[in-house]
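Presented below, as structure tokens, is a lone chain in the form predicted on its own.
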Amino acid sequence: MKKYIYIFKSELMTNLQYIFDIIVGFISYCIMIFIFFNLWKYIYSDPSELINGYSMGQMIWYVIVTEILWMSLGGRQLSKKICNDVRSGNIAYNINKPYNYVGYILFSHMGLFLLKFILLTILGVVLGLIFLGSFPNISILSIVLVLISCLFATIINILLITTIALISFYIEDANPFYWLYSKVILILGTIFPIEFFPVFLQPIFKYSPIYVVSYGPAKLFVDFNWNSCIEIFILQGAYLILSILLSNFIYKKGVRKLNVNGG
């Protein structure tokens, strides 16, 4: 475990050298929140009005949280890195290293995520207070649980993206599959809560990655209750185990294929 912590620290320290570039990239986040604030302000004729169980303030905070998770992740960058490693053969150099490639990807990318997440969270809270003038009614304990849920959501997301990118062992380029995955998560879990979709689709979304990597943490933040919290953590635990097993299975199958073909 020490080697993975070292990988995490090394990546974190490396990205600290480029913190100004990261901050400049947050301009798009500010623009996104500004657009959604005005959109929902137009839709809600009365700020106290409820649409599908959400007030205007809850909708804005929901988008703030989901966009923090989305923009902190850097999923496209991760997918391209893994696909390039497989296509170029660089992944072969990692096979004999004293660490698992999937573990290396997870901890190195978490080094980038953590830095961006902290900075974006600060920015998101500031923007939320500027636009709405108030913070959701949530306790300190609930905030801690939301942060833990965000951590689980990100780990699951990284592992699922890794699994998708490792399909490059079998096809020329897996990036189009990541593109499809990202758009589903973006539209069905980031921009709109599950409650805004037809009732017959909601049970399907509830057991999909959308629920655990995007919707769940944001829902807990804007409308915390213990039943939802327990349910979300159980599903995140199940998806965490599943994503670990699936990513390692695809990787080991790919390595065997690589060895059979002579590297």
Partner chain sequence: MLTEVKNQIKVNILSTKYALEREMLNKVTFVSNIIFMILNNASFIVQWVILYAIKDNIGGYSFKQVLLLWGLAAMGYGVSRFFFKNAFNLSDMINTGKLDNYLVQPKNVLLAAITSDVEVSALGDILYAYIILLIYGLSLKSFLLFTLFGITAGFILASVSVIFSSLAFWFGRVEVISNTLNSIMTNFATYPEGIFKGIIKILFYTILPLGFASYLPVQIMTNFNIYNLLVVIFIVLLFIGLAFLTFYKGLRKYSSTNLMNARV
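Computed from a predicted model, the values in this text were never measured in an experiment. Residue numbers count along the first chain shown, from 1.
Separately, the form predicted together with its partner chain exists; it is not shown, and the next lines address it.
- Although the partner is absent here, Ile187 lies within 4.5 Å of its partner chain in the model of the complex, judged by heavy atoms.
- Interface membership of Trp179, defined by any non-hydrogen atom within 4.5 Å of its partner chain in the model of the complex, is confirmed.
- When contacts are judged by a 4.5 Å heavy atom cut-off, Phe233 does not count as touching its partner chain in the model of the complex.
- Interface membership of Asn225, defined by any non-hydrogen atom within 4.5 Å of its partner chain in the model of the complex, is ruled out.
- Of the stretches 105-113, 169-177, 126-134, 153-161, only 169-177 has residues with a heavy atom within 4.5 Å of its partner chain in the model of the complex.
- When you look in the model of the complex, the only residue of Tyr54, Tyr211, Trp40, Phe221 with a non-hydrogen atom within 4.5 Å of its partner chain is Trp40.
- When you look in the model of the complex, the only residue of Leu78, Ile191, Leu145, Leu120 with a non-hydrogen atom within 4.5 Å of its partner chain is Ile191.
- In the model of the complex, Gly25, Ile27, Ser28, Ile31, Met32, Phe34, Ile35, Phe36, Asn38, Leu39, Trp40, Tyr42 are the residues of 25-42 with at least one heavy atom within 4.5 Å of its partner chain, listed from first to last.
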